[in-house]
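Alright, here's a single protein chain in two forms, structure 1 and structure 2, each given by itself as structure tokens.
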Structure 1
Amino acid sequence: MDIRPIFAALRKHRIPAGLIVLEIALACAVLCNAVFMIGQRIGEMHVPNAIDEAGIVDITVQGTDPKLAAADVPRNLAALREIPGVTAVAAVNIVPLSQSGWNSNVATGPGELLKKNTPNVAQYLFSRGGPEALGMRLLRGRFFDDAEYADSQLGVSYLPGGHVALVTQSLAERLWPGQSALGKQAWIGDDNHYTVVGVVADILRPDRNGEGAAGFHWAIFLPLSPASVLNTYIVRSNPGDRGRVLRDGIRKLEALSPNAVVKGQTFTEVRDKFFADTRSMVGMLALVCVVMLAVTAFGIVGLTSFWVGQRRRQIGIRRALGATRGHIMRYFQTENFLLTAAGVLLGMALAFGINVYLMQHYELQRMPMYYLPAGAIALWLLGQLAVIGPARRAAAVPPVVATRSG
């Protein structure tokens, strides 16, 4: 199809044509960035977490006498283990995604803490049975043995006195890139170091603690004999039983420590709470995208309809001179295609610019380049869909219009 007449016509309607181009450019720019942000946040919500998320509940006991912890913790664990359906229990200091953290900087040697840029790491402590209760997945090495739990007491400055540790795969890769982590020493402070005996599949930390997406999996696990810091009980059962297990567990612990505050939740609830903000941001961005696409589509319909109305006579003349309905339809579709093309070209540049601006000011990441053509195709489709109605009406103009004056 010859597109020269289209250009000639558009030159006569520079402003309406310019408006369509501008509208599509803006829509393309906002859409690309909004969809990119949506994608990033959905990605954030699906980062792997190698524990039995569906099967565990956690119950926290606060306000008991710390001096009695050595007796209280085993008693509580035994009581929880008796609940029918419970497959494993353990006491821990922190829970993944619970937003209440316990963090240390971990180095590969003494004296490195202040000199080198050491990673800030979530420090999980748990009693015997911790790996089974959480459902941790061992990749290399081994879990702790009974003696290692029994030997580890909480010393000065809240560091366990044991000498062994598990690390996540991501932390192992961060501390000893390209090497086996087994047998290496992880230093916390200048006096405490732990031999890595096992590497486990990535587990999330309670919060990112300023380490960003990469550090979300940096965690170290240390064994501990019963102590007051182990005030959260992880109870694992079949997913179908967990509601009842949670209720029974809370009731039992309340009965055992009548003066304590006992609170419990399923891990699914913990996860939902953690990502509530992210989910809502996704919802709001999606809403804006839908409204904007609708507004853009209606704008194209409106302007093209006006255009068709203005050009009824020309259309009639073309029809009288032998143009088919298909020709007229295709004329408006091609015109729309050209306008959209100009719009998305401008829009892609704008989208890129906005992304760079957001990166500088709001800690956003760089948008992958494929978002730009994807946004372009989406708007091309939208434009073609929007133009069908007005183009049909144009094609329906009868040739006889040409013979009427005005």
Structure 2
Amino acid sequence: MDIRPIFAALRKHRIPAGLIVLEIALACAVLCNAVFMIGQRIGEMHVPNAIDEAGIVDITVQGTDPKLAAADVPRNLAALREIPGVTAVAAVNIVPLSQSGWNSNVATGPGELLKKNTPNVAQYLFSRGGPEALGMRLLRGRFFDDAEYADSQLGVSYLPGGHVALVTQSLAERLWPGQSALGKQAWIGDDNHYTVVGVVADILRPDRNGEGAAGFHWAIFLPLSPASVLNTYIVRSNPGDRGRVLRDGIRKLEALSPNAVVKGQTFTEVRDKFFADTRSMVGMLALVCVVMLAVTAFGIVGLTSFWVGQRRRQIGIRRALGATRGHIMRYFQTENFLLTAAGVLLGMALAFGINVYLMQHYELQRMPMYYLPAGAIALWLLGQLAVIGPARRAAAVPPVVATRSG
């Protein structure tokens, strides 16, 4: 098909043609980045967490006398172990995805914490039985022994005195890339250092804390004797018993500490609460995509319908000179293809620029390049579908219109 008449017609309608090109470009840019962000957020909601999520409940006790913690914590642990179906219990300071975290920069040596590239790490403190209660998976080394729990007391920095620690695999790779983490020293401050005795499968931190997706598994685990900071109890059971265990556990702890506030939830509820905003964002971005595509489609339909009305006499003349309905259909589809091509080329450049901006200011990862041609193809298909109706109406213009208009 000779496209010179198409270019000539578009030059006569520069403003509406330019507007539809800009609309397509904006839709392409928004669509590529929105779909990429949706994929990122959905992936984030399903990020692996190497604990027994299905069998865990956590019960928090607040308002007790901190001076009695050395006696209260063992008493509460013993009461929770008596619940039928409970397989493991431990007291912890924080729970993964609880949105309330203990965080510190961790270095591999003294004096290195002032460096900008030291990772920000979640600090988990737990009592004896912590690995079993969480369902942690040991990859290398060993878990803590009883003596290491007994010797671990809170110091002036509100951390246990430095001796041993577990680290997640991701943190081990971040601190000592290409090396074994066992036996290495992890430093929190210039005074507290810990010898790594075990590496565990990646466990999520309580919060993202500005480190992005790469730091979501950076965590260190420290043994602790009964202390007031261990006010959350992890209770593990079979998933089918979880609801009953939670109710019984709350009742037992309320009876033991009548003046305290006792609250509990399953880990499924913890995860749901943590990712509630993420799910809302996914829904909002999906709605933005639908609206942008709808607006673009209606814009193409409206503009093409307007041009069909303006060109009825021209179309009638072409029909009188022998143009078939197929020729008229292809004319408008080719015209739409050219407009869409100009829009998506501009849109891909704009999409890349938006992604760079989001990377710099909102910790978004770099968008894979295949999103750009995928978005372009989607808009080309949308354009071709949107133009079918107006093009068919144009093809239905009879040749006699050429003699009736004038």
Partner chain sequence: MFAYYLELGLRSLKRSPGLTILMVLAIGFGVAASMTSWSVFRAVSGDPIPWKSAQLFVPQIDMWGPSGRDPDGEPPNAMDYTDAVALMRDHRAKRQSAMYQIAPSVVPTGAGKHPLNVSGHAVYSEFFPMLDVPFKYGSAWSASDDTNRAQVVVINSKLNQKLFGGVDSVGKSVNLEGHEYRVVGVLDHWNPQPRYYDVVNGGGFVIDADDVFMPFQTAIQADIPNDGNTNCNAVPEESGFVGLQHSPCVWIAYMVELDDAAAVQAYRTYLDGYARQQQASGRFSWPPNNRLRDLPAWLESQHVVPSDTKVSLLVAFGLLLVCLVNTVGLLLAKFLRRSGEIGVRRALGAPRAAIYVQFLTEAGMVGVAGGVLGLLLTGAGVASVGWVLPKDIADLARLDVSLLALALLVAVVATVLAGLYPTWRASNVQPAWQLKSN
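Predicted model only: the values in this text are computed from it and were never measured. For clarity, a rigid core is taken as the largest C-alpha set superposing within 1.5 Å between two forms. Residue numbering: sequential along structure 1, first residue numbered 1.
With each form of the chain shown alone, which structure should be assigned as the form predicted together with its partner chain? Between the two, the form predicted together with its partner chain is shown as structure 1, not structure 2.
Where is the hinge among Q333, Q40, H163, G240, given that one rigid part rotates against another between the two structures? Looking at the options, the one at the hinge is Q40.
May I ask you to give the angle in ° that the smaller rigid part rotates through, relative to the larger, between the two structures? Comparing the two forms, the smaller part rotates by 14 degrees relative to the larger.
By how many angstrom is the CA atom of G322 displaced between the two structures after fitting on the core? Reported C-alpha shift between the two structures: 12.5 Å at G322.
Give me the C-alpha shift of L287 between the two structures, core superposed, in Å. Core-aligned C-alpha shift comes out at 3.7 Å.
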